[in-house]
Ligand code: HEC
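Presented as structure tokens, the chain that follows is alone, the form predicted on its own.
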């Protein structure tokens, strides 16, 4: 019995040492990812100043859920306060925040690459969703951002806990948390022209991947608040297979599913996404219908 207990003790000690070593290595890797400096070529982009473009930029900022994270007046807010990850605030994008000091190229780089002017990754900026955004959309969003009134709101810089750094080092944080580490910044991007097609729907659908995952199969949302329901399966393996395009469009205008369920806009930003045009919603639906059927949560 003593020999058995001794062996079990040795095994347990070995496991503890292994966990400590793996955690330490992951922590170092996580620190490295947070402090990595990216060299992104300057974005050549022309920002319109006409009111029509600014209003379209406002609509696009809503559709691409910028206003959900940064608030409707773009002054920023608490995005996450999770002891496993840390405390993350979204930036004040108005002239009252740091963005006033950034060039238009800096802002475009932040949108598409998730990188700040100092070359470091922006925490909580889901640029993997925006990397393929076309010049016209980026320029109009920036035009809108530049047009809003200044709000004096000092949002603290993100603080990442030790466990959060370990999760980053192990690659367990969703890509949206540190998008710059997951983007191929040198990739050639085909940015489609707006039309009613599955190809353009794919472009629009990138904003859905943060909650519904890259396969659009839904399931529990990583590190979401306890009251956050699982994301719906958007592939033909889910309820969406039974919807018509008119059902789909009606949902984004009312938040009510064909089954009669009212969806809370705090859990699913249907009000923001409902700012899409009818053609955009049709294109998005065409793309989702073209996906291979997946069981909920399966990649």
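All of these numbers come straight from a predicted model, not from anything done at the bench. Numbering follows the first chain given and starts at 1.
Form predicted in complex with this ligand: not shown, discussed below.
Exercise. So which of 22 to 30, 35 to 43, 48 to 56, 267 to 275 is the stretch with heavy atoms within 4.5 Å of this ligand in the predicted bound form?
Worked result: Heavy atoms within 4.5 Å of this ligand in the predicted bound form occur in 267 to 275.
Problem set entry | residue 91, heavy atom within 4.5 angstroms of this ligand in the predicted bound form | The answer is yes: residue 91 has a heavy atom within 4.5 Å of this ligand.
Exercise. Are any of the heavy atoms in residue 223 no more than 4.5 Å from a heavy atom of this ligand in the predicted bound form?
Worked result: Close contact is absent here: in the predicted bound form, residue 223 is far from this ligand, nothing within 4.5 Å, heavy atoms only.
Exercise. How about residue 98: is it within 4.5 Å of this ligand in the predicted bound form, going by heavy atoms?
Worked result: Looking in the predicted bound form, residue contacts with this ligand include residue 98, since a heavy atom lies within 4.5 Å.
Exercise. Any chance residue 125 has a heavy atom within 4.5 Å of this ligand in the predicted bound form?
Worked result: Yes.
Problem set entry | Full three-residue contact with this ligand in the predicted bound form, heavy atom 4.5 Å, for 231, 234 and 261 | Heavy-atom distance to this ligand in the predicted bound form: all three under 4.5 Å.
For this session: Work out which of 102, 131, 182, 200 lies within 4.5 Å of this ligand in the predicted bound form, going by heavy atoms.
Result: Answer to the contact question: 102.
Problem set entry | Within 51 to 83, the residues that have a heavy atom no more than 4.5 Å from this ligand in the predicted bound form | Stretch hits, in order: 64, 65, 66, 69, 70, 79.
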